[in-house]
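Just the one chain here, the form predicted alone, laid out as structure tokens.
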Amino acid sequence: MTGLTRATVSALVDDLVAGGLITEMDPPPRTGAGRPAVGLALSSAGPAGLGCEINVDYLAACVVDLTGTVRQRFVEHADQRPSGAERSLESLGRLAARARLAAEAEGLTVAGAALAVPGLVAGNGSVRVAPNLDWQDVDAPALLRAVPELADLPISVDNEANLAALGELRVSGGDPTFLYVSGEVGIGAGLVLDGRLYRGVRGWSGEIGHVTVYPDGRPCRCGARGCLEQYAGQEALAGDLPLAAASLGIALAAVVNLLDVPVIVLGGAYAPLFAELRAGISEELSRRVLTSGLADVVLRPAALGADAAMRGAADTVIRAVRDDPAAWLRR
């Protein structure tokens, strides 16, 4: 199919094996004449990705190997709002350093790190604004690299819902187009179209938590009134679950009417509450989506649950290695 000679393929495979990217497997039982081919698989002992997440009430870090297996996972629950960006990122850096050191003790090489944050991220990785953390223009990569154990790593930053959607895309297998909704204290969304994340012109799409559901409603931290996250965010879920479900259904119906999204994935705090939320959301979708009588909108819980953002963050690192193995071999 490639037009490459057998010798060229063998040389390429030798390079990938030597670089720790793939590993040879025992050949299958012989079924005919000739030497049986040696099986190949992604290496679980090669480069790995460090995924980090900071949210309003927790910090998290994990290490994922090339096969997609989580090798290390650390979570610390604590309100980050009083801490400020510098202290929070210092704490996260120490947690990420623990994950890296534990992974390296297993023989893995961490190829890079990616950070998931609940806010708008510029192309250079700075967090322009994260309303629920009260952050503005925070150089997150620089603050993480201030932790000595992370100083040598390339570090990228992205919105937590975007990374969660990418993590879900890897494991879901069957839905190339879907809206991922992340329910935390704030609410974010990642839109995947034909297997690709849609970011918007400036990379700031997905702020569904600030869609207005009740124009004269409760004041929001963003300065507006009646935003979805005031009625369906994590702090609101404990107070009135039916109202949260209805509010979420109103916002999601608007998205479906505008974009014709066939699948909605509920993640974060919504995933374990899916059974309780489903009926209320579905009722609003049936009432408000113009095409509800023509085609169903599929609702399902996230396969990765609360770990989706940090798993998606780690996956961006290992996906970069898989997409350009030659760059890894030249390091």
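Start at 1 and count along the sequence shown; that's the residue number. Fair warning: this is a prediction, and the values are worked out from it, not measured in the lab. By rigid core we mean the largest C-alpha set that fits within 1.5 Å across both forms.
Form predicted in complex with another copy of the chain: not shown, discussed below.
The three marked residues, M1, A7 and A37, fail to reach another copy of the chain in the predicted complex, with no heavy atom of any inside 4.5 Å. Mapping the unseen interface onto this chain, E276 falls outside it, with no heavy atom inside 4.5 Å of another copy of the chain in the predicted complex. When another copy of the chain is considered in the predicted complex, H210 lines it closely, a heavy atom lying within 4.5 Å.
Another copy of the chain is not drawn, but in the predicted complex it has no heavy atom within 4.5 Å of G112. In the predicted complex, G206 approaches another copy of the chain with a heavy atom inside 4.5 Å.
Comment: 282-290 is the region of 266-274, 302-310, 282-290, 54-62 lying near another copy of the chain in the predicted complex, near meaning a non-hydrogen atom within 4.5 Å. With the partner omitted here, the residue from L133, V138, A236, I250 that has a non-hydrogen atom within 4.5 angstroms of another copy of the chain in the predicted complex is I250. In summary, among the residues V75, C222, V171, A97, the only one with a non-hydrogen atom within 4.5 Å of another copy of the chain in the predicted complex is C222.
In the predicted complex, the residues of 191-210 lying within 4.5 Å of another copy of the chain by at least one heavy atom are, in order, L191, L193, D194, Y198, R199, G200, V201, R202, G203, W204, S205, G206, E207, I208, H210.
Once the rigid core is used as the reference frame, the Cα position of A114 differs between this form and the one not shown by less than 2 Å.
With the core superposed, E229 shows a C-alpha displacement of at least 2 Å between this form and the one not shown.
A movement of the C-alpha atom of P154 falling short of 2 angstroms is seen between this form and the one not shown when the two forms are aligned on their rigid core.
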